[in-house]
Each structure stands twice: as C-alpha cells, then as structure tokens.
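Next up: just one chain, as structure tokens, the form predicted alone.
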C-alpha cells in the first residue's frame, strides 16, 4: 500500500513539474506595428510574435489580454495579468511602479508630425497619447498639450484641426506620414528626438523569477539574431537593430 501511495505521489509530482507556468500578457492592440488587432479580431504585431517566441523559449504557457493604455500598469499591479508588452518605454518614473526586463527594442526616436513642417512645436497645440513619455516631453516643452486615449486619436486631432502637431514614436508615425500624400510631414528639425531607455516588458516588482526567465529568453534572441530578424520584419528599414 505504501509503495502504491509513493508511486502515485511521484507520478503526480512529475506531472506537475511537466506543466508549464501560465502567464497572461497584456497589450494595447492599438499601436502598430508594436501591437494591433488583425482582421480576425486577434491581437497581433511585433510584440505578440516576439512574446510568443519568448514564452516558447522560457517554457511558459502564455495567453494575451487586451487592455486600454491608461489603466495598463494599474491592472498589472492588481494581478489582472502578469506582464505587459505594449510599446512601453523604460523610464525611471515607471520603474517606481513596475519591474522591467532588459529592452527588446533599443532606444529609438520620437518625432513631431504636422501639416506644416515649419510649425513651432514649443508654442503650438500638440497632441500625444496620455501617460506616455511623449506627453510628458510636450508638457515640459512649453507647448499646449492635448492628451488622447489612443495614438490614432492623437493623429486624428491634427487631421481635424484640434492640434497643430502630433508627437509620438517615430516608428508609429512613419507609415502615417508616408501614406498621407503630403497631408502630414515631419516637422523640420524635430523628427529624431531620443527619449527613454528602449522598450521592455513590464512585470510586478515581486515577480523576480518570471523576470529572470524573460530576460534569459530575450538574451537568447539577441545572441542568435532572431530578435533583429523580427525587428526588420515588422519595422523594415526604419527598425533599429542590436
């Protein structure tokens, strides 16, 4: 009887060890090419493809959660999910609330786009997405800041005349400027402004083991070149490589 009980216990333990940890990753689904919602209604984009590969390498069972940007950190810390991959720049201010992995996008440029390349962005009305490093930068520049829930709404504010310029990640603005037929152009001298420490995954500060697993997976993708391949796939020639 004791042998049977020991055998059953060992079987249960081995089965438990073989089960992958389930991790819920939140993304916005509104910041292409970082993250978006595809025609099938599913979250997609650079970060979703990257996150799935990181989870595979870390032997984690990952699922995706769509969450609005303005509550994405608070819902992480409320344990509604376990990690964030949403084009989030690593900043000292955010480090007070969350733990970041190493960056999976190097520090990149932000840029102003507007109908008029000569607009003075230090005195103009400038649109930006709420709670971003771009919104903070505009607020400190002397310009009048208009904040919006999504980056698309910030661009829309320029198109409908509410704002004179929009400030966002250059990667996000490139296709908008290129496909506007001249309706949106780069503001002269204001199209390559470095901000932040790159983009990383955010986790709760208590989840040190999970952070270590993702850091190791990111390192492996940098080392074997697959991270650069994904950056090139989703960002093209504009992508900044490691």
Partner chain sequence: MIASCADPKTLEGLTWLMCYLTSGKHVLFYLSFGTVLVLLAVTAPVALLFGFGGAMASRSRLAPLRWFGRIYTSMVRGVPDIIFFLFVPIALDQAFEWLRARLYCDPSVPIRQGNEFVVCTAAKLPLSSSPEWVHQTYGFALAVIAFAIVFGAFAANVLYGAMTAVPRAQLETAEAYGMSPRQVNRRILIPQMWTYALPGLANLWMILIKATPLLFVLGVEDIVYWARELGASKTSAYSYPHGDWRIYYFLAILAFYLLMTWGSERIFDRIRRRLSSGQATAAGEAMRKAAT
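The shown structure was predicted, so the numbers you read here are calculated from the model rather than taken from an experiment. Numbering follows the first chain given and starts at 1.
If you look for the form predicted in complex with its partner chain, you will not find it shown, but the lines that follow are about it.
Using a 4.5 angstroms limit between non-hydrogen atoms, residue 170 is distant from its partner chain in the predicted bound form. Its partner chain is not drawn, but in the predicted bound form it has a heavy atom within 4.5 Å of residue 24. The closest non-hydrogen atom of residue 64 lies within 4.5 Å of its partner chain in the predicted bound form.
At the 4.5 Å threshold, heavy atoms of residue 78 reach its partner chain in the predicted bound form. With the partner omitted here, the stretch from 209 to 217, 52 to 60, 188 to 196, 36 to 44 that lies within 4.5 Å of its partner chain by heavy atoms in the predicted bound form is 36 to 44. Using a 4.5 Å cut-off on any heavy atom, the residues of 79 to 108 that reach its partner chain in the predicted bound form are, in sequence order, 79, 80, 82, 96, 97.
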